[in-house]
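First, one chain by itself in structure tokens, the form predicted on its own.
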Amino acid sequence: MAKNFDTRPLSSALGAEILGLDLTRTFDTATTEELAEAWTENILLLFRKPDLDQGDHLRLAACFGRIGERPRPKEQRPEDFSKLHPAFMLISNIRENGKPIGSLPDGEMMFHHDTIYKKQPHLGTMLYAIEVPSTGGNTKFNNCYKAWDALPAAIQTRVVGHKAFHAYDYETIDHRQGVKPNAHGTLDSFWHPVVITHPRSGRRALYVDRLMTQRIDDLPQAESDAILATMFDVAERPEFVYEHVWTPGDLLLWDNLCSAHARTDFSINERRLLRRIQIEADAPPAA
């Protein structure tokens, strides 16, 4: 059967670039199914389209599932929704009249899964580069299938059936000692299986990350900390990671259940602007 587009591997860890596809048109069922298969197989997809408008961005995202809803009402978000569809989020350090136009403005971010602290995290994230700094601000992605497979058998056996606690707390996430779910008040947090079975591939993936994960249930704190430290180190091995150097017009879609991502630092004196949309999952992640 003839392919509707070509693919080019991005790395041996994960990822593929989609070639020969016109992102301004509506895709037929065969093309949509082929894209879904490519996403499942490669975890991360790269499309390149300068000046991709919001309508084309929304239509492409809908090929992969339901468009995610933003949890905060528009009046509590920094974006100008006279110019932006409310499903989008701007990732930017740009300020206008002294106020940020987006979120997550500056600096480095450790590996994390988007919305892992929610009962039902998003299945995927799609991020489009509009302005990028001359250096830095890259995004690293890891392969959590390979991370699970590479863990020592003793650790795999120890954590199967256990859950990990994840919290949205960028200011105190490194202070893990004594952290308990009820101590966070209104802070977004949730327990998920340490290893999940991906709903589309059927493969097992490690589902913890350095930024959000704080402890494993029913283990002594010291043992939990030691196991998590090993998991983070294994998941971030260079051979399991692809680092994307952004150029304007890059559109990345990643699977948020079998991949975590991190951001490298960049100069606060340079502008960075990206447009994000998320794909809903059909159910919470399961073991």
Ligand code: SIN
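No experiment lies behind these values; they were computed from the predicted model shown. We number the residues from 1 along the sequence you see.
Keep in mind that the form predicted in complex with this ligand is missing from the display, and what follows is about it.
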query	finding
Partner-contacting position among 131, 114, 149, 188 - heavy atom within 4.5 Å of this ligand in the predicted bound form	114
Heavy atom within 4.5 Å of this ligand in the predicted bound form - residue from 196, 104, 155, 84	104
Stretch in contact in the predicted bound form with this ligand, which is absent here, among 61 to 69, 39 to 47, 256 to 264, 229 to 237 (heavy atoms within 4.5 Å)	256 to 264
Partner proximity in the predicted bound form: residue 272 to this ligand, non-hydrogen atom cutoff 4.5 Å	yes
Contact flag, residue 139 vs this ligand in the predicted bound form, heavy atom cut 4.5 Å	yes
Neighbours of this ligand in the predicted bound form among 86 to 110 [non-hydrogen atom within 4.5 angstroms]	91, 104, 109
